[in-house]
Structures are given as structure tokens and as C-alpha cells.
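Before any questions on how it binds or moves, here is one chain, the form predicted on its own, in C-alpha cells.
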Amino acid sequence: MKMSRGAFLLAVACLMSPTGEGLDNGLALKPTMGWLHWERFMCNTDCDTQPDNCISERLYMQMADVMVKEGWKDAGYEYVCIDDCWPSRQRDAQGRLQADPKRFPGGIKKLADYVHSKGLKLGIYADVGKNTCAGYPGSLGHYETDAQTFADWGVDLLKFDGCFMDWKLLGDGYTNMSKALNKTGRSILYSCEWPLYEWPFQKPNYTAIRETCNHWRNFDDVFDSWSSIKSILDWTASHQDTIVPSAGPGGWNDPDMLVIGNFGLSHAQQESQMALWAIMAAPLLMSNDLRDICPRSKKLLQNKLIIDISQDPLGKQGHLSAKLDSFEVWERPLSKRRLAVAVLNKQEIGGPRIFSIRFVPGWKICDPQCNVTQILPQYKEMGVQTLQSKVLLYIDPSGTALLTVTPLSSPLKNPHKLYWKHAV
């Protein structure tokens, strides 16, 4: 099977060209990991009848407690992030945002102190326009005031949405807030939605976006369904020549939240989301109820080998490299001359299907030998292999096999050159 010319050129660009200059705040040198409330809890403000599931300080304190107690912090998840619907409907007398006094009686500063006491970090949400998407006060006309307010509260991450804003002004708005955050002197990771709101009108300038933001949303909100996950993967693959070269330490493409542990995905589909998000060097921001999550989903989300791929220090985003008989092959170059491979079975009928690993374009790095480790669907040391090895993968419908491949010797100084030399 041959790699398409477009995939080859993308691979060369990603491996041989330096990533553009990123936002110079020293943050997000690896993809962000944490928890974000939106997909699971949305804009539930009814604390009278649903006190355990409403947007309140209690929810975030409980999540912080669980993240420490149940091993999430040790696994690398460090941000506890508030999304929309936290503020009061009105700014205070000084024009500052304020938390809803009933649902956040201690205010955001008290919540940040609590989260910090657990060794975690707090994220908050605001909007570049006049209102948030749910209709709460936006930051338009208040960028410096809001940035300083967040810094005074001890906030560590800002998710900055793009509702109720003229798309032609998005660039200025996101850039001005970026400057305002840096001006505070506090390290605040900056999560943007700039390209998401610009794509319907024009191709975004990813050089400018990378210089402004630590990560950025490109496509629709994720839903708790396999059709949603597929649509995100399809969009990413069809735009990978544009978005993949922009990713690297300090700035990442954000395909939205992990919905693992909720209601809509089979376990094979949960494995596919986890594997592909790791291949895409995506932020791993879970949106689920960590207080009540099935052990199998918890084990998947805390899988050290998958997280190691996500957090690989080389900082290269992977991409779709081949399609064959309702299979997709995604590959990501890793540090120490390794390669991560995800093979997705897109068929949604029948049982497990067989895929020969020799159809993986990157398998060429196994000349003369390589060592192969299967991580999903179950851990398996496949041992030393060669180009001629007949390794077969058994992959469930809508499931994914995730592997790492390590060349044991190479005649070239740059093993990635060997890979791409043989890939076409």
C-alpha cells in the first residue's frame, strides 16, 4: 500500500521543518491534562434539586478531592477547569466579573486556594465577545480587567470562547487577551477557540494563533457519541496539512474533551478516543464524573503507556497516514527514534477484523529490525520483528490497536528519514 503524496509531504514538513514560534509564556510544553466540566455537566445551575451535579464550588472541590485520592493527579491530570455558567449575571461595582454568590459562596479565590492546596491547578472560562455562549457577561471591552481579576484570584488556565463576537474582530480580541494575561505577571495557560469561529469564513492564520494561544479548538463541540468522535477525526484528517505543522511544545490543536466514562461510547470506542487523542498530541481534558466512573474506563484514562505517548517530549502531532479496507492508520513520531501507530477499524458491523502490520507505512523503520509493543486493546510484548514479519492485529468494530515501534538499528543517522524514504 502506498502513502498518498499529500500525507508524504505532510510527514516531511512535520519532521524536517521547525515548528513556528509559540506563545512565549513557558506553559503547555506538553499537551495539557486535566478535567473540564462542560460535556458532562453543561449549564446545570439548579443546585436546589441537583446539588451534586450543578455548576458550583462544591462540584470542583469534590473533583479535586477525587483527582488526588483516586490517582488522577499521579497519572498527570493537573487542571480542574470551570466552563461556562459560573458567573453572576452582572459585573460588580468596579466592573469586574464575579462568581454567582449562591453557587460559589466563597468566590473563585477561595476555590483556587482549595484546588492549589491539593497540588492541582484551577482553570476558568470567559468569552472574547460581549456575552458567553450561555449568555453570561463576556470580556469584550474588559480584557485587561478580566485578566487581572483572574490573576488576582489565582487562576492557572483560561478557556476563552468566541460567542457574540464579529468574526473579523476575533484575531484582535484573542491577541489582546493574550497580551493582557501576560501583562499580569501570572502564568495562565491560554486555551483559545479562535480558529473554530473563523473557519466558516476563511482559513485561519495558524502562525498568528500559535503565537497567541497555548491550545486552540478547530471544530465542533464533542458530544457523548461515536458519531461525534468520528466527525472530529474526519475533520482533523481532512485538514491535517494545515493544522498538524502548527502543533508543538507550547501550542496544540485541541479536538475537545475526552468523554470516556460517560454513557455514549462502547469500551472499544473509548479506547479509540484515548488512542487517537494521544496520537494527535491533543490536550487530555476529561469531561466525566470522576466520583462515579467504571473501573475499566478509569484504567484506560490512567494508562501510563498511552499517557507517555500523549506527553512525548518530541512534541510532534501525529496524522492519518493510510486508509485500507475500512481501516485507518494514524502515526506519530516519538522521541528515542520510536513511532506510535494507531490502527482504527471503522467498520461497525460483525466481529474483530484482521489487519496486517506490514500495511503500516512506518513499518519501514523495521529495516533491519524493530521491537513492537501493543498497548491496546491489551498489552502485549510482540518482541523483535523485521520487515518480513507477519504480525496480525485483531481489532474490534470501531476499536483501535495502539502500538509503539522502536527500531533496533538503522543505517541512517536520522531514522525518520529512513521511515519517509520508504513510505512512498
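One rule holds for the numbers: they count along the sequence shown, beginning at 1. Fair warning: this is a prediction, and the values are worked out from it, not measured in the lab.
What follows is about the form predicted together with a small molecule, which we do not show.
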{"item": "In the predicted bound form, the one of Cys133, Ile307, Leu314, Ala151 near the small molecule [non-hydrogen atom within 4.5 angstroms]", "value": "Cys133"}
{"item": "Answer option from Phe164, Tyr114, Trp235, Tyr197, heavy atom within 4.5 Å of the small molecule in the predicted bound form", "value": "Tyr197"}
{"item": "Contact label in the predicted bound form: Asp84 to the small molecule, heavy atom within 4.5 Å", "value": "yes"}
{"item": "Contact of Glu193 with the small molecule in the predicted bound form (heavy atom, 4.5 Å)", "value": "yes"}
{"item": "Contact of Tyr60 with the small molecule in the predicted bound form (heavy atom, 4.5 Å)", "value": "no"}
{"item": "Close approach of Tyr79 to the small molecule in the predicted bound form, 4.5 Å, heavy atom", "value": "no"}
{"item": "Joint contact, Trp38, Tyr125 and Asp221 to the small molecule in the predicted bound form, by non-hydrogen atom at 4.5 Å", "value": "yes"}
{"item": "In the predicted bound form, segment of 290-298, 154-162, 243-251, 326-334 with a heavy atom within 4.5 Å of the small molecule", "value": "154-162"}
